[in-house]
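In structure tokens, the next block holds one chain alone, the form predicted alone.
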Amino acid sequence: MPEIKTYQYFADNAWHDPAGGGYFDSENPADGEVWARVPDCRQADVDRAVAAAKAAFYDGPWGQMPPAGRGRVLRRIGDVISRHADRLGTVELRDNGRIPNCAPGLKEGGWQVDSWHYYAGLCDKFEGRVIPAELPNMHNFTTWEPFGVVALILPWNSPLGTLIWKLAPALAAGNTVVIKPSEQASCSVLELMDVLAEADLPPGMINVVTGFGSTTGEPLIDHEDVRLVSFTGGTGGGRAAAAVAARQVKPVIMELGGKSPQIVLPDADLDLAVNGIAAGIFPAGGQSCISGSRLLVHRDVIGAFTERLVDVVRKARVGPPDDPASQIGPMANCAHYNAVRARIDAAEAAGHRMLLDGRGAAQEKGYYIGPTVFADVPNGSDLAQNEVFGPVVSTESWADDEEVIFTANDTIFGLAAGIWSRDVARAMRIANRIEAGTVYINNYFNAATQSPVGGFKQSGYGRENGIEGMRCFMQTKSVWLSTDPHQPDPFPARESAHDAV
């Protein structure tokens, strides 16, 4: 049996055992075997990490560092990460089993390294503005300032990718951070902190506590010295996080769930649409909030489209993520595997027509589910309305543009949408009326560091990536400067009624 690795948590540039001595297991979803032990941090550990971040912000070199200096540190972080991309990718693959893994994005030229370089260059580009004042000898100007200690709460489906989307702009803005990864996938974040020893980080700038939502996440969000929370996860978890943050009226950036529609118009290139839609959900096993799993296909082409879709995705090879032949890996953990299977069972019991059943991909070890396709699923059904977060899609036909726009928007979510058509003008008219933070036309699942990402409605608020992503980690201060050496008398004599007569 391979040796089980035991991690510590990270605070003030040092590794620590949890104060209570508790640990929990991390399973490899490819085979269900325990491969690591992770600290079960509690209030005392959270206090230690937050105290380190607070000291770094108010008293340490990070808090006093000018913007250009922060940029040099961020560029150094990106360079160090690129040198250890394969190591980090291997750990994350073992921790959550997702294909494709994160290693390519962590290498030089990959988007995650580019994020560090992008924000390194943006550190000293935030400029205030002078506001014309109506008063003589008075000047009014604004500045951008960091919040202070920021809590970053991560999901299990893509820990390093999600972290970098948050961490790079948070640090570029001048904040210090305490990271809380999901208890289902903590190891790659801890491994990252070990790698970053080469980056010579200022003490307390980045801290990591691991554990469960109620005993680690809630104390972190509720901590009086945490001034801002950035949360990525399910909508239910986001509601809970926002409720805790509301106790102290602290702001929260949220990137939550989705049930994104893919609208296929009758003139669409069906091969392009099928391949793009399949690529946007199945290689990651549907374990992405942006997955376009609600397929709204025009009635004139739905038969041909669905036939091609099933033909394409039934060929996908489901298997261990470290096998180069595998194209879809396992569900990220046992609990989620059981939840996705239960949703498929429920959809079948509800009478939805199943064209492809991914439950047959189950293996003796590991948590495998293959592509699953349901047809003719009405928009009011549970399957069409609620996020499965697995390799499951449903189709529904439509007849006119007004109908499909209504159907696409008839959901509590608004994270993303896809439109497939050769008629760009028609696609744009539809896109303008779709309630979603990102709309793709004749492509899907693309992202760039410069382009903001976020949701409408219950898919969240605030933005990540781009200038908007950094601005969310800053607050505006308005300064009024008087150059008049004389202060007006605060209590000037008033004219009496007798004097007026």
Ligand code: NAD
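Note that residue numbering follows the sequence shown and begins at 1. As the structure is a computational prediction, the values presented were derived from the model and not from experiment.
One more form of this protein should be noted, the form predicted in complex with ligand NAD, which is absent from this view; the next part is about it.
- A single residue from the set Trp420, Phe231, Tyr119, Tyr367 has any heavy atom within 4.5 angstroms of ligand NAD in the predicted bound form; that residue is Phe231.
- Out of the listed residues Trp144, Phe141, Trp111, Phe212, Phe212 is the one that sits within 4.5 Å of ligand NAD in the predicted bound form by at least one heavy atom.
- Only one segment in the set 88-96, 276-284, 214-222, 318-326 has any non-hydrogen atom within 4.5 angstroms of ligand NAD in the predicted bound form, and it is 214-222.
- Not one of Lys54, Leu74 and Pro203 is positioned with any heavy atom within 4.5 Å of ligand NAD in the predicted bound form.
- Contact annotation: Ser182 falls within 4.5 Å of ligand NAD in the predicted bound form, judged by heavy atom distances.
- In the predicted bound form, ligand NAD lies within 4.5 Å of some heavy atom of Thr162.
- For Gly237, a non-hydrogen atom is located within 4.5 Å of ligand NAD in the predicted bound form, even though that partner is not displayed.
- The closest heavy atom approach of Trp398 to ligand NAD in the predicted bound form falls outside 4.5 Å.
- Counting a residue when any of its non-hydrogen atoms is within 4.5 Å of ligand NAD in the predicted bound form, the hits in 379-399 run Glu387, Phe389.
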